[in-house]
Structures are given as structure tokens and as C-alpha cells.
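What follows is one chain in C-alpha cells, specifically the form predicted on its own.
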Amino acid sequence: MNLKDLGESRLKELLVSWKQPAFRAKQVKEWLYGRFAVSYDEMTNLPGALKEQLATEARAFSLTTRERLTDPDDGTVKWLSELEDGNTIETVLIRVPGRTTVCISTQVGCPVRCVFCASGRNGLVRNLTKGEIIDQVILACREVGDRVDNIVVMGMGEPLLNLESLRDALDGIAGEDTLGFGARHITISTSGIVPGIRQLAELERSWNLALSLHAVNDEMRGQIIPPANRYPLEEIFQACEYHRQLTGRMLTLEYALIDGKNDSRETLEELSEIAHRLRAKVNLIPCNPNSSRLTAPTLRRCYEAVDFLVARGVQATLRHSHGQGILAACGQLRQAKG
């Protein structure tokens, strides 16, 4: 078990039962969150006996790095981390001038299995725990030497199929005595899990929501997402409208441009209508290469797609892929052995 899975109240109860003074809990949290400690040996102001007791109860950190890669072109870092049960996940740190962003996973594998995404190739293995989700943020903060600026929940897995652990993890790093992460610096991406979108809305957190749309009608979407976790678009749109109503947050439509599949002028016209209906902004993503053999349009055509949407009054941008050289870009994360 990870110490972060215990929660603050359980940690305090544990320390009280060991007849430790109340301030020890604060010291432990400072090491875990303020100094990004990954072992009890780093906690130099704790008594040795206490560190030994803590080690018998839970680990200070749940991830063991099996591989760390850096893209020489843009400095993106990707970790392959082994969990306590031997399963592996990938986490990515993206650096751009003035901003650092960590892309975290919520599941080992993914049950949705979008055709252009490597994460779901072998289906779902299991959900990550609260502590395993938090520790990916800690891993990135440790690399930077400071708190990262943004969190995007866009790694392996469908976040809204592990919403309870994700909620607990994001709430756990929001406190001023942990990482003090503001909700508006966190974006959760979903393939369109309708019950999850509605549950997320009812939490009334100000986290940003991004919908992986990739198609403008159900027939087209059926060629991208298998039926097991695919909801009708109209139900998804109504859930997104409900989310905006309760949170006031603008939705982002993520749209992977696939050459000859979803990039025609007629399709982009329909996309603009969807964006207007949902009062959403659009983030176009050139489909990144993987074993699916799907390819992106030329860069020129991608920019033309942006211009086409903007001309129709849509707030649209083109996402520049980071970490392609180390298979760390959108749709390329997977479970593997280092």
C-alpha cells in the first residue's frame, strides 16, 4: 500500500496509536508533497524508529522507474513505471517555454480501445489507486525540482471509468498543505462516458473537461471506438451541456485529424456546428503514428482545417505533438516492459 492511500485522517490515527506527537503528521506530509520524497530515508527530521514503523505500514512512493526517456528535439520526458504488482504505466512531462505539464494515467491499459490509441491495445488490466495517480505528479515535480504548472489526465486509461480514485487523488493534491493545485490547472479528458460526465458535473469541481470527439456522427465514430464503451453522440452532448451548466467551465473538443477519414470540408463544417452548440473550443490533433496505420493529413492541411474552423467563429487551435521521438505523444502511451 502507498502511504498516500491512507489519507490524512488515517495517517494521524496511525501516528497517535504509536504515541507520536501531532506535529509528526505535518512533517510527513511536508516530505511527501513539499519536498517530493520517495523514500523514508529522505525524511531526515523523523526519528529512525518512526521511519521503520511507517515502512511496515505503507510505502512512501508506489512507482519504480524501469525506463526514463528524453526526446532530444523538445525535452519531453517519458517514464515507464512499475507498480507494486508488476504492472506498468507511462507518464509524460511536457516542457514548453514558461510552463510544465504532466500527463498522467488513471488505468493500467484502457477498456475503450480507440483504434488510433496504443493504450488500449491489450484492454484494461486494472484501475490505479489514489496514491498511484498522485505519485505520477510527484514524479514530474521531482524531475522539475518544483511543482509543475498543469496536470492533464490524458495518459493511459479512461479517467471517468476510475472517477472515485481520480477524484480522491485530485482533491488530495489541492490542499495548501499538499501541492495546492488549483482546479483550473487540471484537465480531464474522456472518450465520452456519459454517466461519468454527469457524475463529474455533480462533484462541482472547476476541473476542465475535454471530450475526445474525433468524429461528427455516430457512424463515423463507430469506425474509431468499439461499441462496448461508445455512447450515442447526442447523449454525450447532453451530458457535456449538463457539465457546463453545473460548473460553468468551457468544454474542449479534442479532434484527432485522420487523413481521409474525418478531415473533409463537410465534416469540419459539422464539427463547427457541434462546437457552437456546446459553446466549446476545438483542439485539432494530427493523428500520431502507431501500429494502427492511420495517418495524419499533411501539416498544411491541418493548418487549413484550423483556418476553416476559425473562419466560422470557432475558437480552434492545432496541438503540436511533443515527444513523438520517444512514443510519448497523444495515443502512443502503452503498457510495456523496460
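Just so you know, these numbers come straight off a predicted model, no measurement behind them. So that there is no doubt, residue numbering starts at 1 and follows the sequence shown.
Omitted from view is the form predicted together with a small molecule, to which the following refers.
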Problem - Triple contact flag Met154, His214 and Glu254 to the small molecule in the predicted complex, non-hydrogen atom at 4.5 angstroms - result: yes
Within 4.5 Å of the small molecule in the predicted complex by heavy atoms, the stretch out of 189-197, 130-138, 91-99, 238-246 is 189-197
Classify Cys287 as contacting or not contacting the small molecule in the predicted complex by the rule of any non-hydrogen atom within 4.5 angstroms, answering yes or no. yes
Notebook entry, point to check: Given that the partner is absent here, does Pro159 sit within 4.5 Å of the small molecule in the predicted complex, heavy atoms only?
Noted result: yes
Answer yes if any heavy atom of Cys117 is within 4.5 Å of a heavy atom of the small molecule in the predicted complex; otherwise answer no.
-> yes
